[in-house]
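Below sits a lone chain in structure tokens, taken as the form predicted on its own.
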């Protein structure tokens, strides 16, 4: 154990550069020790860097792990050894000697810019997958193509236009049609996987058709104890749909929300943002008639 004001001597080897290994390396490096971070794969970050969301909060995994990876790469006390394996350890506590085998990269890591040219002359026998040069042709109905083209043209010179384009499509069609998303992928030269990652992350986007009117039933504590569940049952019976579903004629979509901020009017429902409070029994059926 290192005493206060005692000079730190030697180095530390951390095996495995997942999120736990990276955090351990940072803690040790920030305490003044030289750290060798060993990872057998080509990159650090482990499984967490491959995730989209994390359970149970649904937070973005990349948003949490990326700052730690950047900090680890910039820390002068951390030396990252990728494509490396620990083959032998000898010695005793406080005086270990580790033998590490590093696989050849055939490139100078200090000069690598990630251009990908090296993959064309790579001596490894496995072939690197290359995106096809010919983009697939997506067939859209003339009206859908015209609407989508207008949205794309509106944000043509906007930096980071994917989000506003998806928002415009969601507002125009009421949801994000699959064929339209593939058309956007071709036109914007953006992978479909990235589009779907964004579309499934934000609750504002829907991949299934939604009704012209959205009915939101407040499921907060105050509304619940004042009978919101009975209002919800009335709406289910009248519309013949369950929570998250849309009526056959695509007129109404039924959903629940945590709170609408109108506890004094409980129980409350919202139709397209219009608040209706102090509802009882058949009152919700009268609200529906105004939109039918």
Partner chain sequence: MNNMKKIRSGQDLDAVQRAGLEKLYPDRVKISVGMASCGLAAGARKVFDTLSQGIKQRQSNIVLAATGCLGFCRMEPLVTVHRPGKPKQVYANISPDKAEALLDAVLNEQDKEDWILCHLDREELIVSGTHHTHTCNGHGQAALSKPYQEVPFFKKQQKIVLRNCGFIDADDIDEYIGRSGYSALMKVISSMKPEYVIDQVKSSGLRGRGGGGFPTGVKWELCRKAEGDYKYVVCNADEGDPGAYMDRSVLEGDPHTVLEGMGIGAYAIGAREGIIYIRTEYPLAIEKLKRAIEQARAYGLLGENILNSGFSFDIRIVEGAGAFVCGEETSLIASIEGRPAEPVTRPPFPVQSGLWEKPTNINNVETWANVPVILARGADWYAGIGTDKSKGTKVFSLVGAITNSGLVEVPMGITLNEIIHEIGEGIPRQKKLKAIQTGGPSGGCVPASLVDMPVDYERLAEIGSIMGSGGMVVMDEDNCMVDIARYFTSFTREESCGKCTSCRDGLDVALHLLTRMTEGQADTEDMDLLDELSQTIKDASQCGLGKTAPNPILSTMKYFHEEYVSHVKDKKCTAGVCKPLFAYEIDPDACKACGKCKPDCPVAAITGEKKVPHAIIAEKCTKCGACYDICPFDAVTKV
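Computed from a prediction, not measured in an experiment: that's the story for all the values here. Positions refer to the first chain, counted from 1.
Not on display, but discussed next: the form predicted in complex with its partner chain.
Student: 110-118, 86-94, 206-214, 192-200: which one contacts its partner chain in the predicted bound form at 4.5 Å, heavy atom to heavy atom?
Tutor: Checking each option against the 4.5 Å cut-off leaves 192-200.
Student: Between 43, 265, 60, 49, only one gets a heavy atom within 4.5 angstroms of its partner chain in the predicted bound form; which residue is that?
Tutor: Filtering the options by heavy-atom distance leaves 265.
Student: From the list 105, 167, 182, 145, which entry has a heavy atom within 4.5 Å of its partner chain in the predicted bound form?
Tutor: Partner contact (heavy atom, 4.5 Å) among the options: 167.
Student: Closest heavy atom of residue 122 to its partner chain in the predicted bound form, within 4.5 Å or not?
Tutor: Close contact is absent here: in the predicted bound form, residue 122 is far from its partner chain, nothing within 4.5 Å, heavy atoms only.
Student: Is residue 248 close to its partner chain in the predicted bound form, meaning a heavy atom pair under 4.5 Å apart or at it?
Tutor: Output for residue 248 is no: heavy atoms all beyond 4.5 Å of its partner chain.
Student: Find out whether any non-hydrogen atom of residue 230 is located within 4.5 angstroms of its partner chain in the predicted bound form, and reply yes or no.
Tutor: Yes, residue 230 is a contact residue.
Student: Though only this chain appears here, would residue 100 touch its partner chain in the predicted bound form if you measure heavy atom gaps against 4.5 Å?
Tutor: The answer is no: residue 100 has no heavy atom within 4.5 Å of its partner chain.
Student: Heavy atoms within 4.5 Å of its partner chain in the predicted bound form is the criterion; list the residues of 200-237 that meet it.
Tutor: 201, 202, 203, 204, 205, 219, 220, 221, 222, 224, 225, 226, 230, 233, 234 sit within 4.5 Å of the partner.
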